[in-house]
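First comes one chain, alone, set out as structure tokens in the form predicted on its own.
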């Protein structure tokens, strides 16, 4: 039996893409192995959002340069593949396959070409009508499943390479999404996460033409599904009807990830983010007024070209205004094909690092305060596993908080996928601790 190894870099979209690749390969008679040493086919599913992630991929490839010609085939998938294309063959001559995410359904025929003696094959089309068609998906988690609802992005944020690596927006039909959700529920999945570069701009391409809020409501009604999450959102397309849908149905998780990127209007304008700070805060107010106590998380970039100290202070002030429950933060990284490359006033790495440290320390203090307010409250968690080192169960709340807990005197053994009520007894900046209650 043919063997393959795949390593995934990047976001949840990439993780789910790897699930599709794994399913496709297994369907073709391949067997997945745990290390590249064991594999005949070695694949790296890549991320190019930041230069660091991209360099890590080429570092991995360099480690196996001497393995070329010893019965191994190497392939680069995903965003770096789409971004660099055939230039990857120049940087890593032992690579035989370069394939972007829109062409994963063509993997079987690409591998046949390699098997027939072709040294270098590519799948780099973005203009495809069958983006969402794959032979099958091999789910990594038996309880939580991803569903891609939209691919690509029509925004042109100055720092972002996604429109070049994922292509234009293509929405999947609502009927096919609901069919997959029902099939997952029948298989025992209880949590679904809807994925897209910008889920808010989803539009059903079928005659019904429903928007994202309508889709959310429909998925939230699927029998057997207890939690529905979604990521990621663009503030420009985030409408109040999304919050109304969350308010109406507790199956829709009370957590929204709404990337802001910066707190200064001048920086947002240079970033081409298409909204102002005030417009962003209006959406925050919709969530703050919700009776569901919605957890709000975000992404922030520091050191974007032209960012002054005053701009940075406005971003720090935004943290005070919003009180985010969690944050992903990064130093600006120049990416190919993006308009930000032409901006002047590039900041040195030392100053970027200083600002990132200040931002993260401030956010850590906010998270500790927010989490501490939950002490004494009972939260429902879905059990994800058991930590043998701490002898605690690992659970996740509807707000996407990690809650580690003990379950003394439990009459029946616990297991992953179950839902239990837990009393929060302690809080840290990144997680909670508690005790299971009846």
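Residue numbers count along the first chain shown, from 1. The shown structure was predicted, so the numbers you read here are calculated from the model rather than taken from an experiment.
The same protein has a further form, the form predicted together with 5'-deoxyadenosine (5AD), not shown here; the description that follows concerns it.
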Seminar exercise, completed: For 5'-deoxyadenosine (5AD) in the predicted bound form, the stretch among 90 to 98, 316 to 324, 216 to 224, 257 to 265 with residues bearing a heavy atom within 4.5 Å is 257 to 265
For this session: Indicate whether residue 76 is a 4.5 Å heavy atom neighbour of 5'-deoxyadenosine (5AD) in the predicted bound form.
Result: no
Exercise. Can any non-hydrogen atom of residue 81 be found within 4.5 angstroms of 5'-deoxyadenosine (5AD) in the predicted bound form?
Worked result: no
Exercise. Taking heavy atoms only, is residue 401 within 4.5 angstroms of 5'-deoxyadenosine (5AD) in the predicted bound form?
Worked result: no
For this session: Would you check, heavy atoms only and a 4.5 Å threshold, whether residue 330 touches 5'-deoxyadenosine (5AD) in the predicted bound form?
Result: yes
Exercise. Taking 5'-deoxyadenosine (5AD) in the predicted bound form as the reference, which of 381, 41, 61, 49 has a non-hydrogen atom within 4.5 Å?
Worked result: 49
Exercise. Of 299, 247, 279, 237, which one comes within 4.5 Å of 5'-deoxyadenosine (5AD) in the predicted bound form, counting heavy atoms only?
Worked result: 299
